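Below, in structure tokens: the form predicted alone, a single chain.
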Amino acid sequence: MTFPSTPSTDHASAVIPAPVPLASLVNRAQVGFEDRFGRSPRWIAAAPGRVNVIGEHTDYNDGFVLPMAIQRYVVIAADRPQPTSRPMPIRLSSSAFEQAEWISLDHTSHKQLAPWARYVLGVLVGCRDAGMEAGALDMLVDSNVPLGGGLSSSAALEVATATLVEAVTGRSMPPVDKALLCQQAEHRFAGVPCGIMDQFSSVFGRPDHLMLLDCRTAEITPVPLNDPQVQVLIINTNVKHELTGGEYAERRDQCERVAKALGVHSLRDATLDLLVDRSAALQPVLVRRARHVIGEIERTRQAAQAIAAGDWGRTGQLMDASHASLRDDYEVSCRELDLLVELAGQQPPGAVIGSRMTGGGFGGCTVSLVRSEHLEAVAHAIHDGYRNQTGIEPSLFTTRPAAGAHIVRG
């Protein structure tokens, strides 16, 4: 947040907790707002996190990704402030961090704010610049998207903020514009040069569907994932990563350097043959980085086709190859992620379709497709194996593809 072949229901529920309905999280946010500000909120907005089934570190290379929104959300409750002489127009409180901030859209240095509050400020500034200023607000943020797990808690916070502004102002942004505004907020105010996948997933999520997203054209192709015999199992290593530590930006810079050396606009336009032909003139590390991206773009295309056709054998092969490439060529995995994938691969034949790290890497989560009939036994085996070898208690949950951001009250 063990190993018997027929675990008890009580034991299973301790390993994979029952999902928390969005309505329960909304109620918790409302109660939290009332406790914090002494009245009921007027507006409530929600936006989901996401998990990427395949297509890692391809979005900022104009490639393809295959994410889905998950049944974990950021919920923001808000109201106009009561009359006061306080100078700051936004009073912001977070249940997840148990912190509060007073923020102004005219902050001369957003780095003075807590990191989570910078995302909110960035979106509010972006909305103001787009002619949708929310004005003075009291806001409470609640969430059950795991923090630092590679499930886009930051994008969910950004998109929930933009959706709240829509409720407050009574105006709607085109969904693509909203996703891009949130992406720019992350670039400018969090210093993470992310691609478009996270924000697009949170805005455009669709129940029972993955989205094959072309990160060059922003074209979305829905891919059904509604087979009741296949479960999406997410396991959090509970090893935190911090993409602003420089690794993410370094990988992006390496990709841009090798694209330039290959004479292409981005690695989306490169081929493995071209890379092999020019490899002698490139540093070995750049060859490895490009080999991952070029291969991953093609794996993602193929995986979308395989999932749509119900070809789970091919899907699993592609997921497993993706993790090996992220581990060996892109070097963004870690011991804990590798262990979870290894444990998934040790399960009885046919129990686990495929497993791989998901997100930016250096910790966070794995995503596995598991046969429903084997879910409890697989969950217990991986849980116990990981805990016994690392001393860390992993967090596990299942999810169906979920709906994207929406106004709950407003």
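A quick note: this is a predicted structure, and the numbers were derived from the prediction, not measured. Throughout, we count residues from 1 along the sequence that is shown.
The following text describes the form predicted together with a small molecule, which does not appear among the structures shown.
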- Message: Partner absent here, but in the predicted bound form, which of 306 to 314, 258 to 266, 151 to 159, 166 to 174 has residues with a heavy atom within 4.5 Å of the small molecule?
- Response: 151 to 159
- Would P146 count as touching the small molecule in the predicted bound form under a 4.5 Å heavy atom rule? yes
- Task: May I ask you to check whether V141 falls inside a 4.5 Å heavy atom distance of the small molecule in the predicted bound form?
- Result: yes
- Is there a heavy atom of E186 lying 4.5 Å or less from a heavy atom of the small molecule in the predicted bound form? yes
- F204, heavy atom within 4.5 angstroms of the small molecule in the predicted bound form: no
- Item | Candidate from Q71, T300, S94, S333 lying within 4.5 Å of the small molecule in the predicted bound form - any heavy atom | S94
